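Just one chain is shown here, as structure tokens, and it is the form predicted alone.
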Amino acid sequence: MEGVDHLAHERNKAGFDVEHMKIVWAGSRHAFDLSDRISRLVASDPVFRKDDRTMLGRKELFKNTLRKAAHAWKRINDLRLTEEEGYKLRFFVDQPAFTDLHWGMFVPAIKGSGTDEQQQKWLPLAYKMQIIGCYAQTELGHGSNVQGLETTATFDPATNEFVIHSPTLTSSKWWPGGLGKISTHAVVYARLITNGQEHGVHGFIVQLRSLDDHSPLPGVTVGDIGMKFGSGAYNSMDNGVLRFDNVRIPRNQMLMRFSQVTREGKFVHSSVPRQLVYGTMVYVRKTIVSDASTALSRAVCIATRYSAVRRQFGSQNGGIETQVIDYKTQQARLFPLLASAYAFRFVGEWLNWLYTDVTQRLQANDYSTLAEAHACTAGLKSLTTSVTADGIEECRKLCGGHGYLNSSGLPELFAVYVPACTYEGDNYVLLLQVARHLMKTVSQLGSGNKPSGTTAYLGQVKQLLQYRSDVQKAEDWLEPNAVLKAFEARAAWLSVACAENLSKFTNPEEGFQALSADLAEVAVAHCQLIVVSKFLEKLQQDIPGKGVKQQLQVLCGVYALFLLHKHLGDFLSAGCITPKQGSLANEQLRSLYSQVRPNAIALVDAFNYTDHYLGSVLGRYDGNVYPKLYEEAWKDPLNESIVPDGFHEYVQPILKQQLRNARL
């Protein structure tokens, strides 16, 4: 059956223009063409093979990663790819590598926090990869609490140098990707000390290894922190540990865009506003949100295709069994994740716009939207990564027993993705940051401060607390305003209720600690409202292609009504809907699942993932699952010999009743 498209019948059901949906998913015709071209370039290159990745030992895996990274860099240079094209090529190689932190954190840190002179010196070296950098912030004892970092950078005016030192075991830098074995340099975050006085945490460019023989420089202790969760997965990355024993660096290697230390050791703030540093944070987190939609869509693509291939039960008189995707329980678990992948894609597009807008405002010394944008990106990072991590695992379970096989692609995808719930801010810590912003916004409502951006709805808090839905029949829940007002009323009610409970505490911080679990729920409700509103805004745009907008409207309904059903208690407590209206919402949700069903395969085809990138036997485009599963099984190293190593020493004595005489 090789070459047969087992999903062709499913694809013929599509009631919309799949090619136009691919462009909508990609964001533009240019983005689609770029991704399509680069993904196929990678898929056709045998060096980028990855089907054996989970079977390799750590050393083999790491060496293989170095080979792929070097080959990718060669291809980028040989083909004279642009920066955008180079990013896409590394993305589709789909293997965590030291280059991720070099391009994703080291270079942006210098661009964001370095002076013009520092950028002119270091960026050309980094862009040519004559130096390879990482981002050394997290320590053994501190992660989210950056202000608690223990590494010190003490200025010595006698030599015009900073002395970088790790005073305790817990001050060891821990986790930076690329640090363990490869990085030659790092942006190191340390407590700045001048003239015996501390000035907070700042960044410093520190060389770690010789550019001649790659050995650690004097005073530098550096290595890999060991195996991580999963086979293959993030174990291709050399996450590292780093300690400094009074390592000296020139004064001009402190990143000095926002503050400087003079030759005499005086600490001074520059004329460049420090708030600009938040622009980099917004950039990183909006990228993480976009990555969430990609990871979730990969898992959903695998689970959807396999659900259409797999048949179980339901046969009558020896007839054909039922496709798993036709079971309502499967649809109720799978289709909300499909809708979430699209929802996260569109909120990611909006975050790209927000980042551009905030950056332009900051350059014009307009900081009016910064706090709101910071809270917004923090919350969306938390929401999307949590849903995606849980969603990948749910997709694995939706694939039954075969989903547990590495060849399904899902265990490794989960192991690679799940750290996103922790890095760049622990998800619950971020939710509490959002909650603080919401509580501050609510507290200022009476002072004439008008909320803006994603908190603008709180300016109508009195009306929202009195809002009562007028939905009378199930299809009324298809009206965008009915959905939006319900989500606004729920979010407003939760914020006000928490603010009132906080006001009962004489010590606000004590109240914040006591109510932190409730406050996290407030933040989630606010972020879910943002995603729903941005999906609805997407539908207001001119979307070409037969049936494309209608199918997106169905997905938007699935996303919103699934959340309404899941958090029905909130909506009922807020008084914005009645139990009967909640039942009608669930009735409409079931109807929407039936509308998604004929289009499910086409909707995941719109992601336009090659089989190479998807990395899954279960998610193959042609649906030819079972012969390939059988074929993959025989590739396992255990099957290289008929009788396994160790059998004669350990098992045969048991069978021959000779265990007492065996040499164990």
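All residue numbers refer to positions in the sequence shown, first residue = 1. Quick caveat: nothing in here was measured; it's all calculated off a predicted structure.
Not pictured, yet referred to below: the form predicted together with a further copy of the same chain.
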Just to confirm the contact call: exactly one of 53-61, 598-606, 25-33, 38-46 touches a further copy of the same chain in the predicted bound form at a 4.5 Å heavy atom cutoff, so which is it? 53-61
Residues Val272, Met281 and Glu500 all lining a further copy of the same chain in the predicted bound form, heavy atom within 4.5 Å: no
Answer with one of Trp175, Phe204, Tyr355, Phe346: the residue that has a non-hydrogen atom within 4.5 Å of a further copy of the same chain in the predicted bound form. Trp175
Among Val247, Leu529, Ala97, Val418, just one has a heavy atom within 4.5 Å of a further copy of the same chain in the predicted bound form, namely Val418
Can any non-hydrogen atom of Lys656 be found within 4.5 angstroms of a further copy of the same chain in the predicted bound form? yes
Indicate whether Pro644 is a 4.5 Å heavy atom neighbour of a further copy of the same chain in the predicted bound form. yes
Is Lys473 one of the residues lying within 4.5 Å of a further copy of the same chain in the predicted bound form, judged by heavy atom distances? no
Taking heavy atoms only, is Gln137 within 4.5 angstroms of a further copy of the same chain in the predicted bound form? no
What residues, if any, in 505-521 have a non-hydrogen atom within 4.5 angstroms of a further copy of the same chain in the predicted bound form? Gln513, Ala514, Leu515, Ser516, Ala517, Asp518, Ala520, Glu521
